[in-house]
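Next up: just one chain, as structure tokens, the form predicted on its own.
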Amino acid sequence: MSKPEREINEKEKNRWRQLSFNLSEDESQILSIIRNQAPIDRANIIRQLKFSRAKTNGIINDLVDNNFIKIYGHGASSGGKRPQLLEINAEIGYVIGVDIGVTSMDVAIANFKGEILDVHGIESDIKDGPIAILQSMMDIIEDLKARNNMDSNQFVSIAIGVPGPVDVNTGEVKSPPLMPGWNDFPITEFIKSKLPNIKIIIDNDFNMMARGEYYSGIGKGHDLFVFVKIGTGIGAGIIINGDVFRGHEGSAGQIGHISVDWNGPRCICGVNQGCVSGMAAGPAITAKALKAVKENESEFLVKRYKENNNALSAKDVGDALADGDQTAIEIINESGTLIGLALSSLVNLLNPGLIVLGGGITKSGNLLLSSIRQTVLTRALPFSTRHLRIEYSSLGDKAGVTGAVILAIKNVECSYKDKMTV
């Protein structure tokens, strides 16, 4: 839809203000079927539910009357009238998906079918604290609204992924090792002060990425798989039976704190020594590169260090790897081996059919992937790995914001938290 077509008058603004998005469980169930299988006719929906025909048709009629779904067209006749085909009304409202990382942030606006209409990303530093980061997020949202000629009342939901453990019931980050100043910060209250009528949900960034891959990426059709983010830290979004597995307190997936060397360095988490995140993620890769420069072991890294005013990053190691630098090869291979050790325990425990790897460090190339694969195949039980696939993310940098858009929509369709799905 073009920008002029999205222009709204006061009547339309009032319709969004008055529209109730507090759907019942039955309505949400029908919407979910239509979203996943559209275009679909009523008879097909009825066959998948335990409702009576009259009840199902009544709910569908209400959803049509309230513009949640619309008639797409007509299907082929099986002897009588051609059946109506139904689909989600994409323009009933819009959602915002946000992926906040340690060093970057992406913000997207999407329609109610989950189609991303516009996205904007910036470099950022999570250490700047919640007020600065969240205000930057709001500034981006305002810019996206302005350039797409949208009104705040059209946005019904926002989902935000952050790089730390989250209590999804309160929206508060809990004891995040990579997010100083964020512990228990009232993120929801901050957003409500700017967007008072919007539904809000906050989750861990690797859970968002897992959702993105499940709905739109390589994880589609896999009801049991693991998404592993390898960046400044390491974490895993676990999909079981189509749902994100959060654990009892919501902190499942913190595989970055599996110890792979009890004699290793003290982790930033303050609990363990030799955590895989502290030994194999971005900061560890950078530290090893700086050590190599100090000991003059890599001509490429020494040159890059001087060019960068005596600084290096994990990206520089990736560039050195692409140039065939032997030191970079050893650094990335070691990280892959350590990550593979941690994933071997996960494979033995869950027996997934697919592991998807994402995050900034995966841009270093295929050596990391092959090192992880080789270690998992060597260290995990053969019966658990015989049909296991380990692949890079198909969505890349957009996995998190894609998953956030999906969760924002789900938070509208499933407003009762005990029924929240991926």
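Keep in mind that this is a model prediction, so the values were computed, not measured. The numbering used is simple: start at 1 and walk along the sequence shown.
Quick note: we don't show the form predicted together with another copy of the chain, though the next part is all about it.
Peer 1: Verify the contact flag for residue 190: yes if a non-hydrogen atom of it lies within 4.5 Å of a non-hydrogen atom of another copy of the chain in the predicted bound form, no if not.
Peer 2: No, residue 190 is distant from the partner.
Peer 1: Can you tell me whether residue 363 touches another copy of the chain? I mean in the predicted bound form, with a 4.5 angstroms heavy atom cut-off.
Peer 2: Residue 363: no contact with another copy of the chain in the predicted bound form.
Peer 1: Is residue 269 close enough to another copy of the chain in the predicted bound form to count, meaning some heavy atom within 4.5 Å?
Peer 2: The answer is yes: residue 269 has a heavy atom within 4.5 Å of another copy of the chain.
Peer 1: Taking the shortest heavy atom distance, is residue 199 within 4.5 Å of another copy of the chain in the predicted bound form?
Peer 2: No, residue 199 sits far enough from another copy of the chain in the predicted bound form that none of its heavy atoms falls within 4.5 Å.
Peer 1: May I ask you to choose, among 352, 278, 336, 163, the residue with a heavy atom within 4.5 Å of another copy of the chain in the predicted bound form?
Peer 2: Answer to the contact question: 352.
Peer 1: Which pick from 134, 258, 218, 140 sits with a heavy atom within 4.5 Å of another copy of the chain in the predicted bound form?
Peer 2: Of 134, 258, 218, 140, the residue with a heavy atom within 4.5 Å of another copy of the chain in the predicted bound form is 258.
Peer 1: Establish, in the predicted bound form, whether 315, 323 and 400 all lie within 4.5 Å of another copy of the chain, using non-hydrogen atoms for the distance.
Peer 2: None of them does, since no heavy atom lies within 4.5 Å of the partner.
Peer 1: Specify the contacting stretch among 261-269, 125-133, 283-291, 140-148, defined as having any heavy atom within 4.5 Å of another copy of the chain in the predicted bound form.
Peer 2: Comparing against another copy of the chain in the predicted bound form, the contact stretch is 261-269.
Peer 1: Pull the contact list for 215-254: residues with a heavy atom within 4.5 Å of another copy of the chain in the predicted bound form, in sequence order.
Peer 2: The stretch 215-254, when checked against another copy of the chain in the predicted bound form, contributes 224, 238, 240, 245, 246, 247, 248, 249, 250, 251, 252, 253, 254 at the 4.5 Å heavy-atom cut-off.
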